[in-house]
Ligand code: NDP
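Next up: a single chain in structure tokens, the form predicted alone.
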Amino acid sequence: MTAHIPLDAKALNDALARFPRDRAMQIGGRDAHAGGETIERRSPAHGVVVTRVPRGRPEDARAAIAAARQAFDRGPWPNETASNRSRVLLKVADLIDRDRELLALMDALESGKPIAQARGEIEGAADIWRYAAALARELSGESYASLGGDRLGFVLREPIGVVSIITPWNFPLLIVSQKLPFALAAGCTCVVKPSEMTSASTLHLGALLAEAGLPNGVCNIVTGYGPEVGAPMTSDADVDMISFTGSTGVGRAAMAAGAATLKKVSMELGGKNPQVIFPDADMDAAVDAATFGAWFNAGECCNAGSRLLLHADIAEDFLARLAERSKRVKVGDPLDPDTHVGAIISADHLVKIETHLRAARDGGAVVRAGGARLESNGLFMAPTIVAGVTPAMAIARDEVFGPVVVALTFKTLGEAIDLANSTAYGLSASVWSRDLDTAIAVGRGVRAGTIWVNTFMDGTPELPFGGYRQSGVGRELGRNAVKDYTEEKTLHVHTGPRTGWWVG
């Protein structure tokens, strides 16, 4: 590709002037600097340093865990009233709204995502905090008065304890907001590790938590690399639960580390999500959804619609329409409000995407659009369509995590369901058909945590999110999101005289 991506130097300088580049970790209510060693983050779009965060060490992770343990065992938060917890969470949501533009700039510069998209994510994050605040006041147990005249039974829900929260780089503030407010609503204390590539907005969130009145030590934020910071967070005996979002491979390692002390785990992992399109679908809507699903967030999304399963009768026409639509997808400067697709997160990741495409071509697949990086000082990839794909190809089964969509064809409903289930993942899927029987058959037959009908990647905090098989363990969001951070305790009460065990 010879297209050149122009970058606006003035917009970049104006954005950088709005926040400090150097940041500190937060442990026990104090700033921490990890002995002065830092990680520099360069904007993948602009190539300049945008933030510097401490390179946390194992001892920093252990100090954060100790602070969280102390805050849970001795602090007021686990015993705080639901109304007061809710009040703090609502204040955090208001502060996120207040700082929405600043947070969006941080995420756009560090991750390369378009600023318009980042603004939407920050708005969505605030909405999740408000939903968690509502659930905080609904958390309740059970009572049983039908066990006999001299017995009562109570089932209590208590906070599980210290939670390690590990988040990825692709949705920095949004994903921590799918975890942290629900843990706090339950009364837990937390240690949070954002990706070393996108730490700024999470660190800013820590300041907002303090401003909202969260007690010291209840939320501790440690920055750094997985082997140095993440490993202690998953293995330390003082951690009661791990909530992780990231790759399936790292998720397996985190589960293995937690298994030694039988920690509860919540894992939101990879996906290879199909959009199944039948001949009777609204084609304009389906093409639009395919465009969005494939290239939203540059395809760096576990929920990306990275597989098109097209009925053979409409496959060629659909791909032609999609290729034409791809020409109108603007790849460009993340700070440009009109940009649809921003930069790829890192040079190494761009090479991985290119390696996937090279292997697909070598295996006989055909690139119908895109297929190469774009000329720029930054890291940009053209929206790419790969056809002639068979289910056995790696590109049809493995997560590319880039702006790449593959197309496969089917002839019968049963074949479509089999294709949809032909990967190790099961995060989400969509079905496009005006026929209710067809839509329900696919919805029930595909093994995935979310099935969309005639839409794609819609979401709301009220609906749970998570996957089958190697897409994860457990669910986030939804009415049970706070309960997930609790333990059940049975309280069995006997009143009056008790009959002795000995007979006679």
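Every value quoted in this text rests on a predicted model; they were computed, and no experiment measured them. A residue's number is simply how far along the shown sequence it sits, counting from 1.
There is also a form predicted in complex with the ligand; it is not shown, and the following applies to it.
Among heavy atoms of residue 224, some come within 4.5 Å of the ligand in the predicted complex. Contact annotation for residue 168: at least one heavy atom lies within 4.5 Å of the ligand in the predicted complex. Within 4.5 Å of some heavy atom of the ligand in the predicted complex lies at least one heavy atom of residue 195. Residue contact with the ligand in the predicted complex: residue 245 places a heavy atom within 4.5 Å of it.
The contact residue chosen from 352, 100, 157, 87 relative to the ligand in the predicted complex is 352, the criterion being a non-hydrogen atom within 4.5 angstroms. Taking 72, 410, 401, 278 one by one, only a single residue has any non-hydrogen atom within 4.5 Å of the ligand in the predicted complex, and it is 401. Of the candidate stretches 322 to 330, 87 to 95, 209 to 217, 225 to 233, only 225 to 233 has residues whose heavy atoms lie within 4.5 Å of the ligand in the predicted complex. Contacts with the ligand in the predicted complex, taken as any heavy atom within 4.5 Å, map within 270 to 303 to 270, 302.
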